[in-house]
Structures are given as structure tokens and as C-alpha cells.
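Next comes just one chain, in C-alpha cells: the form predicted on its own.
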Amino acid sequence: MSLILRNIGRKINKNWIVRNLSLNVSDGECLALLGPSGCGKSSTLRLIAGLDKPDEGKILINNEDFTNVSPVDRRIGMVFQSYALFPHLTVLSNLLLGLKVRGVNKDEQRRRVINVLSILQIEDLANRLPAHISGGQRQRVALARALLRDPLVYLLDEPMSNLDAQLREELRPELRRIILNGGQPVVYVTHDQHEAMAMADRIAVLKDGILEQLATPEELYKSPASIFVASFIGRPQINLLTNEPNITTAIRPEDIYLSKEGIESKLIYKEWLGNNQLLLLETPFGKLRVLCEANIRISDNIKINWSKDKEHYFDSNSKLRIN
């Protein structure tokens, strides 16, 4: 199975919210759509689901043109930010409902629901109402509903943004194991770079409806294609230095080190990050963020340095990578 977006575009009035977007998601691959609010992530998801129609381009699933196919006939398994469960129905009834609507016979309904409850290890929740289970359990139920759809493609729209950080960390490997086990293409929308890098095989970084870069998490981090991607990927945020005409040099905070022979800097602020500490320094190049070991003693005046091979270079006009 595969999902192909071929030069798709969508506009509201005269403004393009997605423009000339081409993506190919293969069997068992998770592709994350990543970017800030308003970049076109959810709009792209709506186009794939058939909730909106593109103004240009085509959507192919298994090499068949689905551009004008109605949402109900697309066999899309969707998991939303909100769990979208009926509050007056038990977990079991919520899961049976979709199968009933699709005309699946009662014995088959029961068999499939029991099977998916077992896969997600939530059999003990079957007779509970959504209000009586936790956020993480509700998200598992929402995922179970998507699995029951027997989809051609999975679409996940910020599925863990309502959960606390610890629960998100616990659910990531489980979610990836369950979703990718079926071999369908998966499109995962998030504004959280950590989540995208943990969940996705490849990441499409969007800005203002345009694809900035499509690459693996490692490639995005090590070879960002633009200043936008370099600044968006990586925390603490990359440092930008405009010390050459028409060239912006970027250096990541973890690639700067303290040195006896180096650039004189003044400490403005420091922040403890567990095993590391983040320093904000005043330097001849402006304010720089430096990440160093937590056990290093910091004075008000320190010296820093970095290796030239850790620098990234961008054209200051086009904002695109040079090297």
C-alpha cells in the first residue's frame, strides 16, 4: 500500500494554505507533518481524508486516484487530538457502533472488537464510560476505533497533545508498534519536534503551506535545508551569527564548548536541565546559547569556542543552505 500526494494545493478565497505539495508515504512508513500553527499540517490531513477537496493536484492510494472519492469510501483510520468518543456509550458500545453502521454482522462485530481490545490491552475497560477512564486510556480506545476501520491509510492528528509529558513518552513506542504493525502508510501531524523525531521514519517540515524539507530526523538535524528548519529543529534553539556579508552562520548550543583560549563572553543567564545546564552568553557575535555539563562551575566571565566543521552556512537573502 502507498499514499501519494502529487502537487496538491488548497486555497481559501485567494490565499493558498497548501501549495504544490508532493509526498510519497510507503507501506509501513510513518511520515510526520511538522511545523508551527498555520503551516498547513491539518489542512493537508483534511485533504487526504477527503474532508476538503484540493484546488490542484491528485491524491493516490495504492496507485488509484482518490482525489474526488467521498470520505466514507476512502477507508481512512483517523485518530484525533480530541478522542471523539460518545460520552453516553461504554467503551464497548463506542467500538461496536462503527461496525454496526458499516453493516458488519453481530458475531463478526464481537470478534473484531474483542480482538482489538486485546491488542491494546484494554479488555478491562469494555464496560466503562469514557468519563471513568484516564486520558491515556481514552486515546487507546480512539486508536482501537481506527484499527477496527481496517484502513488503507492511518491519519493521526496531534493524537497525544492532550496527554501529559510522561504519558506521551510511555505511549509513543506502543502507538508506533500497533500502528506500523499493519503495514499501512501513516501520516502523523504534530507541532512537537520531539514527538515527530521519536515517531516518524521521515519528517516533512512545512512553512506557510510550502514544503521546506523532507528528510529523516537525523538528516533534518545534521543538514537543515534552510534557516527556518535549522531554527525549528533542535532544542535549545540553534544560534545564528551574521558575521559575514550575505552569509548566516549557525552553530548548535551543544557544539559550543568552554575553553581557556577562546571568545570572551559574559554570562547573562543560566538554566539547569538535569544533566546539562543552558547558558545564555553575551559575545562579540551577539547573544549565544551554550549547552554544557551540569557539574561545570560557571563564572560571570568565561571563554568559548567551537569547531569549524560544526558550523552550518546559509544564504542570508534566500535563507537556504549553502554547504
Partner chain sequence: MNKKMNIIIGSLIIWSIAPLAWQLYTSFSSPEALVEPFSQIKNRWTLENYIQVLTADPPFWKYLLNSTIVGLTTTFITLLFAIPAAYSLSKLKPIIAKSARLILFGAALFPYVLLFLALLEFARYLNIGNNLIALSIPYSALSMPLAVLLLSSAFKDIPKDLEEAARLEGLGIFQRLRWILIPLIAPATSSTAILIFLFSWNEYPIALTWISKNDLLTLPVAIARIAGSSVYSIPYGAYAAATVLGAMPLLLIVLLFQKQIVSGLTQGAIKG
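The model shown is predicted, which means the values in this text are computed figures rather than measured ones. Here the rigid core means the biggest group of C-alpha atoms that line up within 1.5 Å when the two forms are laid on top of each other. Numbering follows the first chain given and starts at 1.
What follows is about the form predicted together with the partner chain, which we do not show.
Novice: Taking the partner chain as it sits in the predicted complex, is L258 near enough to touch it, meaning that at least one heavy atom pair lies within 4.5 angstroms?
Specialist: No.
Novice: With the partner left out here, check for me: in the predicted complex, does some heavy atom of L85 sit within 4.5 Å of the partner chain?
Specialist: Yes - in the predicted complex, heavy atoms of L85 and the partner chain come within 4.5 Å of each other.
Novice: So in the predicted complex, is the partner chain close enough to L97 to count as touching (4.5 Å, heavy atoms)?
Specialist: Although the partner chain is absent here, L97 would touch it in the predicted complex, with heavy atoms inside 4.5 Å.
Novice: Using a 4.5 angstroms cut-off on non-hydrogen atoms, would I76 count as touching the partner chain in the predicted complex?
Specialist: It does: once the partner chain is placed as it appears in the predicted complex, I76 has a heavy atom within 4.5 Å of it.
Novice: Quick one: I263, L291 and Y313 and the partner chain in the predicted complex, is every residue within 4.5 Å by at least one heavy atom?
Specialist: Zero of three within 4.5 Å in the predicted complex.
Novice: To test your reading of this chain, name the stretch in 282-290, 265-273, 26-34, 66-74 whose heavy atoms come within 4.5 Å of the partner chain in the predicted complex.
Specialist: Heavy-atom contact with the partner occurs in 66-74.
Novice: The partner chain isn't shown here, but in the predicted complex which of I298, L60, L51, L278 has a heavy atom within 4.5 Å of it?
Specialist: Contact check passes for L51.
Novice: Among the candidate residues H194, R112, K207, R149, which is the single one with a non-hydrogen atom no more than 4.5 Å from the partner chain in the predicted complex?
Specialist: None of the others qualify; the residue that does is R149.
Novice: Superposing on the rigid core, is the CA of L129 displaced by 2 Å or more between the shown form and the other one?
Specialist: Result for L129: yes, a 2 Å-plus shift.
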